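Single chain ahead, written as structure tokens, the form predicted alone.
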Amino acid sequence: MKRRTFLAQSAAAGTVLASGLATRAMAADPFKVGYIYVGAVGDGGWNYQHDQARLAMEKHFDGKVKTSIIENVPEGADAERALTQLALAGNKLIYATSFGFMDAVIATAKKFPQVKFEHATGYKLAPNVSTYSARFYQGRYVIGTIAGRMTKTNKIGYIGAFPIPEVIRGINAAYIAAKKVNPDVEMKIVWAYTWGDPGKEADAAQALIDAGVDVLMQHTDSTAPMAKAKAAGIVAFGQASDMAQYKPTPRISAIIDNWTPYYIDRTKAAMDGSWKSEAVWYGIGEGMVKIGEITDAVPADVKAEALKIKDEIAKGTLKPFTGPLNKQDGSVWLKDGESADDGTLAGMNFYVEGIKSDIPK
């Protein structure tokens, strides 16, 4: 064999070998997934639960997926900067986990059409943007039943984050359920104007306690209201996560957001090419909303009643927003036996009859 031919063949073989090694190295590179959180993962509630799901998803893929997070991202321009940072870092899928990130997601998605974005609790879609949310109101209907049975003062306190449909739905669902089992119940509402600020949440809780409530509910992220409930000797419900450290009281049950199966499914779809833009809204039946353990501080008959309601919601035989129901001003909203459709619930901007508070403008 001529030397030149041998060298050429050797070079070709080396090129093939190098190419094969490079291909194998590339194949071994993990799929990168990014997350942005509006608060800290240590809040014990909303952000904590998303992060636990992230970790479970990453573990599920056993080295094939690498995740990164950015915490405490304010809603607005800062969110667009954080999303851009994740996209530039090579993340192929990005989860934005708060409602107020919506416009930032849409703007960033336009700049990075090859990156897929998932926005929690939003409603704006794009070819590379999906939305996902849970029917939290189903869980609030269940714990609203417990609240209505447990109150002795007939005053239930509710801490709202912002007056958006998601929060208003929860207030209405809890009130409807509580009123059904206790006609004398009153819902007192304080708006914290934050998703997660322990100081503001504690102040809101104290204001409600000072107003005479003996059951506390919240749609904010931290455990600060739970601590206030404990100090006051009243009962409360975990929000987003179990908040089990406050069992058996004041935490007598909880609404638990279960994001893990969704994160696994959607990440797999992004990896195998089957991902598509869609709007997902799951609830108790699909396992995205769970009811935490109802402690022994709740009478056995009340616990049984609540679990029966949970099962009926899961089966679809009970729909929380079913008439006869009127709006706050007394006008007919749902006739007897009529249930609200998803479109109505998604845009809910009114209280039901019986709630005396006003929705802030």
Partner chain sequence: MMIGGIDIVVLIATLMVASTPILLAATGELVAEKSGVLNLGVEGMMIMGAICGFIAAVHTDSPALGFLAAAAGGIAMSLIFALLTQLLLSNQVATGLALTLFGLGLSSLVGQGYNGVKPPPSPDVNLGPLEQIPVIGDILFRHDWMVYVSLGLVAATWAVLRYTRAGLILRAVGENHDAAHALGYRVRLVRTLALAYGGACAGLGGAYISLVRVPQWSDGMTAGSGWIALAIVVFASWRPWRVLLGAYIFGGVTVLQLRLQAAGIAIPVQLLSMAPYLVTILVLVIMSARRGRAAMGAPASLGRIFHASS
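Numbering follows the first chain given and starts at 1. So that the term is clear: the rigid core is the largest set of C-alpha atoms that superpose within 1.5 Å between two forms. All values reported here derive from a predicted model rather than from experimental measurement.
From this point on, the text means the form predicted together with its partner chain, which you will not see here.
*Asks:* Heavy atoms within 4.5 Å of its partner chain in the predicted bound form: which stretch among 286-294, 266-274, 170-178, 206-214?
*Replies:* So the stretch in question is 206-214.
*Asks:* Please check if K228 has a heavy atom lying within 4.5 Å of any heavy atom of its partner chain in the predicted bound form.
*Replies:* Contact check for K228: yes, within 4.5 Å of its partner chain in the predicted bound form.
*Asks:* Taking any heavy atom pair closer than or equal to 4.5 Å as contact, tell me whether G199 reaches its partner chain in the predicted bound form.
*Replies:* Heavy-atom contact with its partner chain at 4.5 Å: present for G199.
*Asks:* Given that its partner chain is not shown alongside this chain, does Y246 nevertheless sit within 4.5 Å of it in the predicted bound form, heavy atom to heavy atom?
*Replies:* Although its partner chain is absent here, Y246 would touch it in the predicted bound form, with heavy atoms inside 4.5 Å.
*Asks:* Taking its partner chain as it sits in the predicted bound form, is V190 in contact with it (heavy atom to heavy atom, 4.5 Å or less)?
*Replies:* Although its partner chain is absent here, V190 would touch it in the predicted bound form, with heavy atoms inside 4.5 Å.
*Asks:* Note which of T145, T223, T97, S130 lies within 4.5 Å of its partner chain in the predicted bound form, where distance is taken over heavy atoms; exactly one does.
*Replies:* So the residue touching its partner chain in the predicted bound form, by this definition, is T223.
*Asks:* Please tell me which of A56, A40, L307, V332 lies within 4.5 Å of its partner chain in the predicted bound form, judged by heavy atoms.
*Replies:* By the 4.5 Å heavy-atom cutoff, the listed residue in contact is A40.
*Asks:* 2 Å or more on the CA of A40 between the shown form and the other one, with the rigid core superposed, yes or no?
*Replies:* The answer is yes, as the C-alpha of A40 shifts between the shown form and the other one by 2 Å or more after core alignment.
*Asks:* Superposing on the rigid core, is the CA of E71 displaced by 2 Å or more between the shown form and the other one?
*Replies:* Indeed, E71 is displaced by 2 Å or more.
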